[in-house]
Ligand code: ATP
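Below you will find one chain, with nothing else, as structure tokens; this is the form predicted alone, and questions on how it binds or moves follow later.
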Amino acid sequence: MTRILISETPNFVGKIIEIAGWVSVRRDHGKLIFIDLRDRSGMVQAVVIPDKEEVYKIAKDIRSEYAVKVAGLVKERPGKSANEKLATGKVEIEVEEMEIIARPEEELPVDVSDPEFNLNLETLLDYRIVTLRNEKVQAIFKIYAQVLEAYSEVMRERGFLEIKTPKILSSATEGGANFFKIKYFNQEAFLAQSPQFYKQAGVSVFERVFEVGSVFRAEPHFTSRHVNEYIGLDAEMAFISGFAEVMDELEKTMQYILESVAKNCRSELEKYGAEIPTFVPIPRIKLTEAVEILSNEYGKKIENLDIDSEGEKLISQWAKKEHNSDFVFLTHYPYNLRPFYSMPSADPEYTETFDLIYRGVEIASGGQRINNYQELLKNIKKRKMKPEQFKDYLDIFKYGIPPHGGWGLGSERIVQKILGLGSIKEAILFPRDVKRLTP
């Protein structure tokens, strides 16, 4: 008999089928045994009656998280007993045969059947192999998968070519100290802080490129929004007339992602009481204007035009109040706060760059890049960096490259803010931070 996915069981009423999955909960009511059985597609109720002696004996032995194979008759559940919350809630399986495929060697450290599953973060991550089995936790990663799928879809629809760039580099991408140094055979190497240089090489050939890939930052943060390895959603586009075009493209991208999640992840969003409001045009304000708003509206003083996490939350409140937008673009960051390849503005103290803030957290940075070889060389020297360390990068510009720009977007932060998670680490299967290298 061919195995049927649980989500397909309503199509087989009156027929005997075989399903397989994990036992979520076993409930004994009088002489009847009820089992909530789940697989990758959903959950269904199985019923074991005492007349089936061999099956009944097996059912009495099973516990949560046993993996079992079941053959049985698909029956409609009476109206009062139907579970309207489940897509399969109007049917049940009357078990004819049951086989235990795998069983836990010891008692589970947490109750993964708990629908609320309010564990502290350390417990949630220390027992990650087990806690991922909880339906509410799984919902996070079904939404995450949809974000990744939607990003790739919209990029391809907009004419971007997917590329994969090296994560082991001969030099730190953006200089500074926030890189991981590794031994690469007989020489020193670095884990990629960003695919930036290779994206720019990509647009010199393909015009529009994107990547979904790992990014490593050796920053000793202890916050709810930082980790040391994350999945970046990067893009770069050529033949632009200015960095406003980059923001236009990113705005379309975010709209597509959120609408895709709203359409395809309704039950997962419900588990967190989360909703995706109707998308509205994203307001764009200069960083200097944002600083004035924070001072006048909230009494928040900003030094050196470097908005902190509290400032990001407050400017998001302002955007929601004034524009009914969950997003806000902050533009024209100071020269000294941006990488050396950032295009200067008309006022050279500022740059043609932006951050995108979503519900109080910066989820993307981007802008226009310098595309002139001599200007780039001058900027590297101005930063007291060594041009010889950037020879391969500079060669991109030596041989000509059109005006271009792009962004780096944090995938996990999108999921965190969609669901209102307390920590970004909840949106990562196996997070890596200053203290956590396992599991």
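What you see is a predicted model, and the numbers here were worked out from it, not measured in a lab. The first residue of the shown sequence is 1; numbering continues from there.
The form predicted together with the ligand is left out here; the points below concern that form.
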*Quick one: of Arg128, Lys142, Arg158, Arg225, which gets a non-hydrogen atom within 4.5 angstroms of the ligand in the predicted bound form?*
Arg225
*Which pick from Lys136, Lys313, Lys300, Arg217 sits with a heavy atom within 4.5 Å of the ligand in the predicted bound form?*
Arg217
*asked:* Under a 4.5 Å heavy atom criterion, is Ala319 part of the interface with the ligand in the predicted bound form?
replied: no
*Does the 4.5 Å heavy atom contact test between Ser171 and the ligand in the predicted bound form come out positive?*
no
*Give a yes or no for Val44: in the predicted bound form, does one of its heavy atoms lie within 4.5 Å of a heavy atom belonging to the ligand?*
no
*Classify Ala364 as contacting or not contacting the ligand in the predicted bound form by the rule of any non-hydrogen atom within 4.5 angstroms, answering yes or no.*
yes
*Using a 4.5 Å heavy atom cut-off, which stretch among 408-416, 389-397, 30-38, 56-64 contacts the ligand in the predicted bound form?*
408-416
*In sequence order, which positions of 1-27 have a non-hydrogen atom within 4.5 Å of the ligand in the predicted bound form?*
none
